[in-house]
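First, one chain by itself in structure tokens, the form predicted alone.
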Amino acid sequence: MRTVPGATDRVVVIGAGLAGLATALRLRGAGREVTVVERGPGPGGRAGVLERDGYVLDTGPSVFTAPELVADTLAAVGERLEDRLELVPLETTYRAQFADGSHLDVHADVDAFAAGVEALAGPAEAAALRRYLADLAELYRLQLRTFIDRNLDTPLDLLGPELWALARRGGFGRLSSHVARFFDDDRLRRLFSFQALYAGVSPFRAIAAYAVIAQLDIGAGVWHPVGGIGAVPRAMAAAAADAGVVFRYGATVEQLDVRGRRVTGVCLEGGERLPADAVVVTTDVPERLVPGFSRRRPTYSPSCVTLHLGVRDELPGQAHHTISFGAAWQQVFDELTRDGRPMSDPSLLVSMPSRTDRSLAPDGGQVLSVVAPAPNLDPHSGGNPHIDWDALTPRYREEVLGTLEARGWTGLSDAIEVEHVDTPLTWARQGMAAGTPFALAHTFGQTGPFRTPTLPRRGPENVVLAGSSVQPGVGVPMVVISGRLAAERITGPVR
């Protein structure tokens, strides 16, 4: 593994999102002097929070998995997760709502989950579920140390028995075909393949290895951080500050001060210069900041429209997380990733964390996050830069709310008291490439050793990258891992 040469005593981390915080904690635990520069007023990055009239709305990720990764990160500075964050395991990790009116509660307990599948689709599919969950766990084991939890400099780093075992298990075939080998019921096929969208690709194009995304939320379980997902970066930042990390909020980086092959400092707007022996950049488009860094033309993930709602209604009978499937399937993926059009029959992710955590809403109210996948703004990635989201959003909002009302969220529209809507234009205005919060798609050419490494070969020798656009990839668990991988480029491996 390549590491930063020379002195690395003073490190500046740019960005206080989950990747930056994870990096800072690891570096501080290894004895480095660390300063985190964040243009926003506090920690979180994509994991933003909006508080209005007693409603607490998470405006970023809505599903929290793999808490052991955050626990391990906090342990780098001698902290315990349970002292910083209260987590509630969800007995029902998801409710899958299908277009035919049926539904299935996905349970963390395998026996309860299998019983639900048997009631929905019969004993043969329940038996297939048990086989598939075992297969997911084995796929995850094979991939974790080979593809995910390590720095990769070249494709040769993958060579080993795990790669051949993954190939023998069909890991490089199509995800849709892999799932279909286990399940005959189309509803279960959808349940175990929609996660490919988290990786920015259609399940009809994704390789079967991406089935492991389902292992994190369906196989391994989902938790709710009390106070909302925004409580996670707040806890990490507090632990880092107590360990001696210096935070500079409300500070924007103007440029890196480069002397020869090294960055010697970080220049802030206003003229202040922070000296640095190494710099970690977690911004979404590092090429805008890092001199000499470039990559071949990237392919970006689809974007989304999100409705964050505070409603004065109990909305009884709804689950914490609901995947609401439309009747259309392959067609809508083509619309998203090829045609550059919003889904005509959308599948939606609806999260209602106040079902579990009453601190997030006033009495008699609920908070909801509704995620509707949408095309990004990059035509090279199948997106559409010509959609006028400012003009379209009011009508599209009505369509999404009407869809939810028709699918069982009766009375939702008339009960809204607080509302915040994000579109691809919102993300673009926040500096996210192609107007997507999901960064680079996990196409084969942007996965594993083919994705930008945490220590790029182009640019200054002491600039390290972390976040969604680099190894290992997109999602809360992946960006937390990227923080450790970035830190190890500076400190060397620390276990």
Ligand SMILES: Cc1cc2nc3c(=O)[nH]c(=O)nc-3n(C[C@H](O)[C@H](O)[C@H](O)COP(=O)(O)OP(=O)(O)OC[C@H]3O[C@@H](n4cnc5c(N)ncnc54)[C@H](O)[C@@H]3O)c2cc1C
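No experiment lies behind these values; they were computed from the predicted model shown. Numbers follow the displayed sequence, beginning with 1.
There is another form of this protein, the form predicted in complex with the named molecule, and it is not shown here; the text below is about that form.
Interface membership of R26, defined by any non-hydrogen atom within 4.5 Å of the named molecule in the predicted complex, is ruled out.
Taking non-hydrogen atoms only, T454 never approaches the named molecule to within 4.5 angstroms in the predicted complex. For the chain shown alone, V400 is not a contact residue for the named molecule in the predicted complex, no non-hydrogen atom being within 4.5 angstroms.
Residue contact with the named molecule in the predicted complex: V476 places a heavy atom within 4.5 Å of it. By the 4.5 Å heavy atom rule, the three marked residues P298, P302 and P375 all fail to count as contacting the named molecule in the predicted complex. Put simply, of V63, A433, V56, L69 only one has a heavy atom within 4.5 Å of the named molecule in the predicted complex, and it is V63. Out of the listed residues L465, V37, L440, V34, V37 is the one that sits within 4.5 Å of the named molecule in the predicted complex by at least one heavy atom.
Contact with the named molecule in the predicted complex, defined as any heavy atom within 4.5 Å, is confined among 141-149, 340-348, 236-244, 277-285 to 277-285. In sequence order, I14, G15, A16, G17, L18, A19, G20 are the residues of 1-33 having a heavy atom within 4.5 Å of the named molecule in the predicted complex; the partner itself is omitted from this view.
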